[in-house]
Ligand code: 13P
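Just one chain is shown here, as structure tokens, and it is the form predicted on its own.
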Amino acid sequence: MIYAANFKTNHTRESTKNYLKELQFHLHHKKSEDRIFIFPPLTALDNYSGDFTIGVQNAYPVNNGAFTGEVGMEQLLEFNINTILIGHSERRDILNESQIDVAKKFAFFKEQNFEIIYCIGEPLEIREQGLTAVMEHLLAQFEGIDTTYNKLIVAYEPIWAIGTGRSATIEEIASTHTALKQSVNKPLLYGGSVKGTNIAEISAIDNVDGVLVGGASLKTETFLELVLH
């Protein structure tokens, strides 16, 4: 299983350092085949080491240059970062990243040989139209994306379940993941209000290869509830 923690705009460098120290102390209990990813805010990047991979939630597809407020490869390499989240719904919907923007970013970081967790998801009005409409919406989010890339991990996050406390049903997750696997045969994570009370049944679903976690990842103890369940 893959367990990915997306801190979003939470934590500082100091609290991230303390979080990772505590996390590492307990990771000897995890299954040897499980992988742990942590995505702190950019200001919390540092040269951490442990049984986890540090990635970035976002970066600009350049080495360096005149791009005020952005971070490029030159800055990421200072911290040996080679993992990135791309396509998260909050960047698509709040920050207006288009599919063209997302595909450009994907192509650049693929060229840099990054491991990419690529996010897709649908709004509630699409989900209410049924699985056919959901799949049409999700597959459109692969436009311009090389789904054969060997360092690609896909994260399915229904937008209506992110941070709402409402997770998709087991049937919704199972049917969507099964359909996605038929089109994109890559490790497939589920995200959307994953927590200690539902991790066992979510992780037991066929074609769920891991989880991408927001709120439940912000405290070491609640994230460990998932990793060590």
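Don't overthink the numbering: it's just position in the shown sequence, from 1. Model, not experiment: these values are computed from the prediction.
The form predicted together with 1,3-dihydroxyacetonephosphate exists for this protein as well; it is not shown, and the discussion that follows is about that form.
Screening Ile54, Ala161, Ile173, Ile199 for any heavy atom within 4.5 Å of 1,3-dihydroxyacetonephosphate in the model of the complex leaves a single hit, Ala161. Here the chain stands by itself, but in the model of the complex one stretch of 62-70, 46-54, 24-32, 161-169, 161-169, has heavy atoms within 4.5 Å of 1,3-dihydroxyacetonephosphate. In the model of the complex, 1,3-dihydroxyacetonephosphate sits within 4.5 Å of a heavy atom belonging to Gly214. For the chain shown alone, Val194 is a contact residue for 1,3-dihydroxyacetonephosphate in the model of the complex, at least one non-hydrogen atom being within 4.5 angstroms. Contacts between stretch 1-16 and 1,3-dihydroxyacetonephosphate, counted in the model of the complex as any heavy atom lying within 4.5 Å, involve Asn6, Lys8, listed in sequence order.
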